[in-house]
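Presented below, as structure tokens, is a lone chain in the form predicted on its own.
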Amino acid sequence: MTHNSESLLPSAAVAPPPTASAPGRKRSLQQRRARAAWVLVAPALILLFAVAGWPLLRTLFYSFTDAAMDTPEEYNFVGLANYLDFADGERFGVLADPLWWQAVGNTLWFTACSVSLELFFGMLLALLMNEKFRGQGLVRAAILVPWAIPTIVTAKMWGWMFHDQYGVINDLLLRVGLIETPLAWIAEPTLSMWAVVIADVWKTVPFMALMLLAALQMIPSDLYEAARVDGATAWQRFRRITLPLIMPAMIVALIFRVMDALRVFDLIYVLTSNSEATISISGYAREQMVSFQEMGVGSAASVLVFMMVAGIAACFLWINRFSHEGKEARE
């Protein structure tokens, strides 16, 4: 019986189909996730543009005109004159107004002081509420009360507390001997901004505390137990474990609070009647547009407020992304 010689030869090994490398598969997965994320957020972005984008574009348009508040349909284009203009050796516009720069300084000072204090006291409250003790639920519920009170009510309440004759703040300070005569917290320029900061810190510390508490509860307890076994002190556990793990949530909370503090208006307007000593950039824009009926100048100030808030928020996001990429590179 004859045999086919080809059947006696070993069959050629069939090479497996080429597969994508691991980095290529990872990039493809990331691209699919990115496309899915854009699809999911697209309705919200469209709604956001319809609600906020059109007013912003209209404000930008009016910032290049001399429109008045009572007759917005009657205007002439003035270019950048509402922002900065030169005539007869003098400067005009928002950027040439000393009150604008005072408002910028007040806003930045208020933001730095209030957000720093809120982060400090919020961290202390979050660490306290993260511990197990009797009445923990009651404390967590009570801490929400200042945050739930409307800002207008908070301003009026603290206005009475800071009253130079009937206020409880002066009464307490006089009783403990820290002051000899009542202080005019609202009327005194050197004290009025501190009064605003104290009222804002009292109201918004709960927000910071709850954001940090949510991050603290996500940390596995095994990490702390291992650190205790290794002899780490409480400060070392906080610096090496707690702080790095809650950093993303803390940055998000800081972004929210910084953006909110930069746009502060109602608290200052009600508590101090928007005086020059405490006027904010939002208060300046409102004064130009409503009090002086200069819609073009007020729109220019509003655009500058938006650019300032958006720029600082972008810096926060860039710092967060840079630190996150640096951490991934080290790993």
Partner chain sequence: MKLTRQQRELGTKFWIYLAALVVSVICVFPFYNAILTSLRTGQDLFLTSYLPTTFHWENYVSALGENGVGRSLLNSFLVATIAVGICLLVSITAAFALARVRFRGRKYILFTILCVSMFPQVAVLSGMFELVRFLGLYDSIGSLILSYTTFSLPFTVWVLTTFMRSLPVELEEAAIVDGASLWVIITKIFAPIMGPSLVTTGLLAFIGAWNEFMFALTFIISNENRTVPVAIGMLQGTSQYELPWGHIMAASVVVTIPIIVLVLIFQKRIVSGLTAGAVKG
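These numbers come from a predicted model, not from an experiment. Numbering follows the first chain given and starts at 1. Just so we're on the same page, rigid core means the largest C-alpha set that superposes within 1.5 Å between forms.
Below: the form predicted in complex with its partner chain, not depicted.
*Asks:* Its partner chain isn't shown here, but in the predicted bound form which of A96, A187, A112, A214 has a heavy atom within 4.5 Å of it?
*Replies:* Checking each option against its partner chain in the predicted bound form, the one that comes within 4.5 Å is A214.
*Asks:* Given that its partner chain is left out here, which of L172, I179, A234, L243 has a heavy atom within 4.5 Å of it in the predicted bound form?
*Replies:* None of the others qualify; the residue that does is L172.
*Asks:* Taking any heavy atom pair closer than or equal to 4.5 Å as contact, tell me whether A87 reaches its partner chain in the predicted bound form.
*Replies:* The answer is no: A87 has no heavy atom within 4.5 Å of its partner chain.
*Asks:* Are any of the heavy atoms in W202 no more than 4.5 Å from a heavy atom of its partner chain in the predicted bound form?
*Replies:* Because a heavy atom of W202 falls inside 4.5 Å of its partner chain in the predicted bound form, the answer is yes.
*Asks:* Considering non-hydrogen atoms and a 4.5 Å limit, does its partner chain approach M69 in the predicted bound form?
*Replies:* Although its partner chain is absent here, M69 would touch it in the predicted bound form, with heavy atoms inside 4.5 Å.
*Asks:* Can you tell me whether K156 touches its partner chain? I mean in the predicted bound form, with a 4.5 angstroms heavy atom cut-off.
*Replies:* K156 belongs to the contact set for its partner chain.
*Asks:* Heavy atoms, 4.5 Å, its partner chain in the predicted bound form: which of 103 to 111, 69 to 77, 88 to 96, 189 to 197 makes the cut? Say which one.
*Replies:* Going by heavy atoms within 4.5 Å, the stretch is 69 to 77.
*Asks:* Can all three of T65, I219 and C315 be found with a heavy atom no more than 4.5 Å from its partner chain in the predicted bound form?
*Replies:* Not one of the three qualifies.
*Asks:* With the partner left out here, which residues of 161 to 194 have a non-hydrogen atom within 4.5 Å of its partner chain in the predicted bound form?
*Replies:* Counting only heavy atoms within 4.5 Å of its partner chain in the predicted bound form, the contacting residues of 161 to 194 are M161, H163, Y166, G167, V168, D171, L172, R175.
*Asks:* Using a rigid core alignment, state whether the CA of F61 is displaced by 2 Å or more between the shown form and the other one.
*Replies:* After core superposition, the displacement of the F61 C-alpha between the shown form and the other one stays below 2 Å, so no.
*Asks:* Does F292 show a Cα shift reaching 2 Å between the shown form and the other one after rigid-core superposition?
*Replies:* Comparing the forms between the shown form and the other one, which are aligned on their rigid core, F292 does not shift its C-alpha by 2 Å or more.
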